[in-house]
Each structure stands twice: as C-alpha cells, then as structure tokens.
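What follows is one chain in structure tokens, specifically the form predicted on its own.
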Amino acid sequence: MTTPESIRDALLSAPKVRPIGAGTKPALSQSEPGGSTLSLSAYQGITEYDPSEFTFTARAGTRLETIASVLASHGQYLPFDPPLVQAGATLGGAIASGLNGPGRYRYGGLRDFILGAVFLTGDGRLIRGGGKVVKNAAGFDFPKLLVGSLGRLGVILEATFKVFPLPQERLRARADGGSLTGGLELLQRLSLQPADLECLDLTPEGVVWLQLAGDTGTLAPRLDRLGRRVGAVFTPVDPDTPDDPDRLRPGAALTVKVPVTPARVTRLDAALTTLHLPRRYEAAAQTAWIGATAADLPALDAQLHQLALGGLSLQHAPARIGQWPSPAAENIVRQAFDPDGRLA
C-alpha cells in the first residue's frame, strides 16, 4: 500500500486493525484475536526537507535510519535520540510508541519536536493537524495527541519534525557513585549544574554516565570543571566502543520502559533485584529500562502494580503491564477518533 487511498481501503475492509511499521517492537504490533495488521512499511519517503528551515516531512513507513542519514549529510539530527534506529524502526512507529533515547534529558522528547501530522481516523477520515513550520499555531495540536497513542487513535500517514544542528564533538564519561544511593546523590548534584549535559544515566551499581556535546576542543575542560564542582572523578569513554554493556542507549535486552522519578528508584530497584532483572535509569532517573523475557512479565507486572507504576513492554505481550492511569479520558478521545472501535 503506497497511497493514502489504498491504506484507507485496507483500513475500512477489516473490523479490527492494528497499524504497524517495521515490527521492531513486536508487542506493540500484535493484533487482537480476529483482527488484522495494517503495514505502513511500504508507505515511505521524505517528501519535504529544507535544511535552512531545520524541518522535514516524511511518510510514516520511512525508516529512521534513512532520515538520520539524510539529516547528517546536512549537519543535522533528531535530538530526541529515538531508539531502535539500526533495527529498522520507522517514523510512524516512533510516534505511535512515543519512545525517546537518552538525548531527551537535555532537548526534550519526540512530542517536543513534532510539528504536524496527517492521519486516518478509525472510520476513514483524513485529518491534518499542526503545520510544517516551527512557528505554527494553527488548529488543534493533534500531532502531540498521536505521540504514544500506540495506533489506537489513528493510522499515521505523514509527519513533520523540526531538527537541530549536529554538534561538532561528543564526549561520554562515567563516574562511580559507589552504590545506588551514592549514584542517585551524584545524579542530583549533576542535574543542578548549568552544564548542558546531553545525557545523564545511572546503573544499579551506582555508576553515573553522562554525555557532553559542543565545539571541538571544549568538552574535556568542561568535564574537568564539572568534576571539580560536584566532587567526582569522570573517566572519558570512547563513544564508539562496540557492544559496550554500559552504552547510554538502552541495549537490545532492555525492552520494558517504566516512567519513574528519582525518589522512587530505590524501591523499584529493590523489586527488580529480587527478580534478577537487568535495568538502567535514563534521563536523570526519569525513565527505567528493564530487561524482561516473556516468562518474566507476570512477576514484573505484579511488582509494578505494588509500586503503582506502569510499564510498556516492547518485545513481549502484553504491551501494557503494571498500573496505568484510568482509561476514562482515553476512551472519550478514542470514541471521537474511532467511533466503530476498529483500531485495536
């Protein structure tokens, strides 16, 4: 399906439909029993790109890797640092899942960079929201509503994003806090510094990872000054080290995302220790990434319920585990966008 008309026809031909991209997040791509999937993977291509305006528009099936390559050729990039780029993740899948990488710590998440979107509602209406320029304030902000919607509000066809200039250089470093408590304390001191940290992550052992970005030759002195201010010794690490188990980006084994706060990390980590699950705390411990197999999910689900936390499982169903907010408001919006309940 390579046209909006063919996608609309396929949408309306089935009673239950789950829109999917490249399938890099299988738990989010499974249709309900008796339903079918609607693949957008063939609906791809960058339709507009003006490097001087720092914006681009692309179809939903366009691979993020393709977008990143085109942007890089003009010295630009997506600052929200989407995960699973190398695995083949698409633009529409990134929007629907609402996932961000470590770069969201400094720059904000995907919802802060999306400017406009075109999508089909569950009953086949074509909706355009937002615009194609940065200073746009026309109409309802439907694009942000689609972020994290998991395909339940509409079939995303096209989106416009703003981008940023690529930094000349990046520097990744680590410091040992000695324990999870010590790492959280160091994280707090770092987050209060005017250091423009690009990424700030924490491991269960209390190792703090950070990343600086800027002009060539300025990062090492900045790291040295930062270490003196917070009383820590930072060891620079080659950012291109292959298969580094402590990479800032969640690894392939870290497949469950749990929004959290620094104050709740200690209790969550204690629960994950009893389950023997790998984990990492991203964006100054605002997000936990957890490694869980299908067999681990029931126990993890129970622990998250006890902690009043909700998780999104990317690889193994069910996608939603733990305690999520009341669906009352979501159901009202879904009724407006999908009155026939077609979008599973």
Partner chain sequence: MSFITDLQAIFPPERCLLDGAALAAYESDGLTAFAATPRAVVVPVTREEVVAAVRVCAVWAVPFMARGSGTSLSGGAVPVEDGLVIAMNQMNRILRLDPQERLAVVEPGVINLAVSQAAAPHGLYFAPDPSSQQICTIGGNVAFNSGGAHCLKYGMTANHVIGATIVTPTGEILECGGESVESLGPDCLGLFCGSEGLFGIALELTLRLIPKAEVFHTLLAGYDSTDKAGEAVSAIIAAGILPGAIEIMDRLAIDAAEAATHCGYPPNAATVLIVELEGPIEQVESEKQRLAAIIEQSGPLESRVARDADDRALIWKGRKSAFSAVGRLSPDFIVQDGVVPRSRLGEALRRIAVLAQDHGLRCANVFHAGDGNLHPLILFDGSVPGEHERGEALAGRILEMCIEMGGSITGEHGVGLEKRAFLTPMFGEPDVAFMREVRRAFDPAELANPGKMFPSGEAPALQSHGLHPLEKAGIISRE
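Residue numbers count along the first chain shown, from 1. If you're wondering where the values come from, they're calculated on a predicted model, not measured in any experiment.
Only in words, not in the display: the form predicted in complex with its partner chain, which the text now covers.
Segments offered: 86-94, 266-274, 230-238, 165-173. Contacting its partner chain in the model of the complex at heavy atom distances within 4.5 Å is 165-173. Residues Pro15, Arg279 and His316 are none of them found to lie within 4.5 Å of its partner chain in the model of the complex, as judged by heavy atom distances. Under a 4.5 angstroms non-hydrogen atom cutoff, its partner chain in the model of the complex has Gly98 among its neighbouring residues. A residue is said to contact a partner when one of its heavy atoms sits within 4.5 Å of a partner heavy atom; Ser149 meets this definition for its partner chain in the model of the complex. Contact annotation for Leu153: at least one heavy atom lies within 4.5 Å of its partner chain in the model of the complex. Contact check for Ala10: every heavy atom lies farther than 4.5 Å from its partner chain in the model of the complex.
Gln286 is the sole member of Gln286, Thr293, Ser36, Gln306 with a non-hydrogen atom lying within 4.5 angstroms of its partner chain in the model of the complex. Residues are counted as partner-facing when one of their heavy atoms sits within 4.5 Å of its partner chain in the model of the complex; in 305-344 these are Gly310, Gly311, Leu312, Trp324, Pro325, Ala328, Ala329, Glu330, Ile332, Val333, Gln335, Ala336, Phe337, in sequence order.
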